[in-house]
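Next up is one chain by itself, shown in structure tokens, the form predicted alone.
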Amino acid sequence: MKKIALALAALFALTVPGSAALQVDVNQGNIQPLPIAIPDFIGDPQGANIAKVVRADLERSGLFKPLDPKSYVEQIKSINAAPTFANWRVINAQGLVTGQAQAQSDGRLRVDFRLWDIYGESQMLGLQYFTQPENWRRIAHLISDAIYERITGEKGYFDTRIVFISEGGPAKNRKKKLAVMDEDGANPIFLTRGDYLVLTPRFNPTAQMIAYMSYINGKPRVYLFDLESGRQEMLGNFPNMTFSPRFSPDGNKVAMTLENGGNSDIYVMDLRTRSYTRLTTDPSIDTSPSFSPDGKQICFESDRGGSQQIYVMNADGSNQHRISFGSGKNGTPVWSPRGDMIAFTKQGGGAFHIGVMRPDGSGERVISNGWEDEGPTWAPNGRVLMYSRTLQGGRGSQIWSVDVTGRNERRVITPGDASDPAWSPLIQ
């Protein structure tokens, strides 16, 4: 698949110091969503679509409450003039986003927007973008990210993609395809045809390469998929099954599991030299490695203690130690991009849930409410997770998201059944 080339330019930022009242503290466990008005962008008809996506992005975060456009008292006619703030206080808006889309003579689309603090009566942010018209949706996500960051102080996560496994077809001939989509479920693209089983896809740090396990030719092996060229490459010609791949933070290595005679161990391959190093040697099942964001440690799951639990080791395999000691079984750990937490699948009481804990094992808590939730993946800002949910009775699989407080749990709409999501970094 060819890389989507974007001609984007954030040309200037107009930030006027004003009241610090318009902000959201994402560290609070119980947040009242911020009322914000986002009228359709004026000018080009595409402006209405951009505003619609921005409203959906911010509402989905759980931190914002976009107000119904039918309640607006004032009609925006120019984004270069300050709004009548009293007209927006009447409908209890605390923030206002105004925007304009204009077709340029060279065929590009120019998009400007302003973020206003209604009670502080000041402009908080102004940005301008140029792009090809077909990339209007990405512009909307970039605007959402900018608003999210200005008000929360945290990086946004809307201009990202999700790689996942799409499943469909007759009950006796289900096909699993490798697929990618935007963070909000839009623009799904199938990368494989379903001729062979694919599982556990993972993005590299540039979001241009995917590592995954595939049963091409009936042999389970780890493969690399180049999104720009569409080229697939088997990662190492090992005699036995390899699975559960994960890139290092610098993208130069892949940690994965190699099975040999019923025993599974974790290896790391250097993608530049294709040399590999064995990290675990315990006579047990060691799998699901995930690097810490600084690349110095790896968390993984192992049953060496008699049940499936989470362990941490140094990146060279030294200092292997268990960190999960709660009830039930714990697996599929993945380190937060912030480095402050590890998410995992918790099995107990006949159900599977998504949990989080600190890297030393403290602070364990469950944050999802499904019957069978598993395989978490972090948003690049470390504030939101996606995961697979199997409906009770095995009635298909879906992708869901939840924030780290466990308060804002939502389904991500996909074409057909879907599982094994993996979040990309922010698109460059």
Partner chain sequence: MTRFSGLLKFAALSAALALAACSSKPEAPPADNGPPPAQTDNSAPVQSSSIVPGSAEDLRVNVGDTVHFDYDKYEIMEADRSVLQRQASWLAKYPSVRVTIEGHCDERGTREYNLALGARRANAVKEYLVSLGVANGRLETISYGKERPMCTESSESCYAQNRRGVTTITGGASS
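Positions refer to the first chain, counted from 1. Everything numeric in this text was worked out from a predicted model, so none of it was measured.
From this point on, the text means the form predicted together with its partner chain, which you will not see here.
Proximity to its partner chain in the predicted bound form, taken as a non-hydrogen atom within 4.5 angstroms, holds for one residue of Thr98, Ser144, Thr345, Ser166, which is Thr345.
This chain is displayed alone, yet in the predicted bound form one of Lys219, Arg108, Arg358, Arg322 has a heavy atom within 4.5 Å of its partner chain; that residue is Lys219. Contact check at 4.5 Å (heavy atoms) against its partner chain in the predicted bound form: all three of Leu199, Thr332 and Trp371 pass. Between 219-227, 82-90, 180-188, 134-142, the stretch whose residues reach within 4.5 angstroms of its partner chain in the predicted bound form through a non-hydrogen atom is 219-227. At a distance threshold of 4.5 angstroms between non-hydrogen atoms, Thr377 is out of contact with its partner chain in the predicted bound form.
Not displayed here, its partner chain is kept clear of Tyr72 by more than 4.5 Å at the level of heavy atoms in the predicted bound form. In the predicted bound form, its partner chain sits within 4.5 Å of a heavy atom of Phe352.
Proximity of Gln123 to its partner chain in the predicted bound form: non-hydrogen atoms within 4.5 Å are absent; the residue sits far from the partner. Along 163-178, a non-hydrogen atom within 4.5 Å of its partner chain in the predicted bound form is carried by Ala171, Lys172, Asn173, Arg174, Lys176, in order along the sequence.
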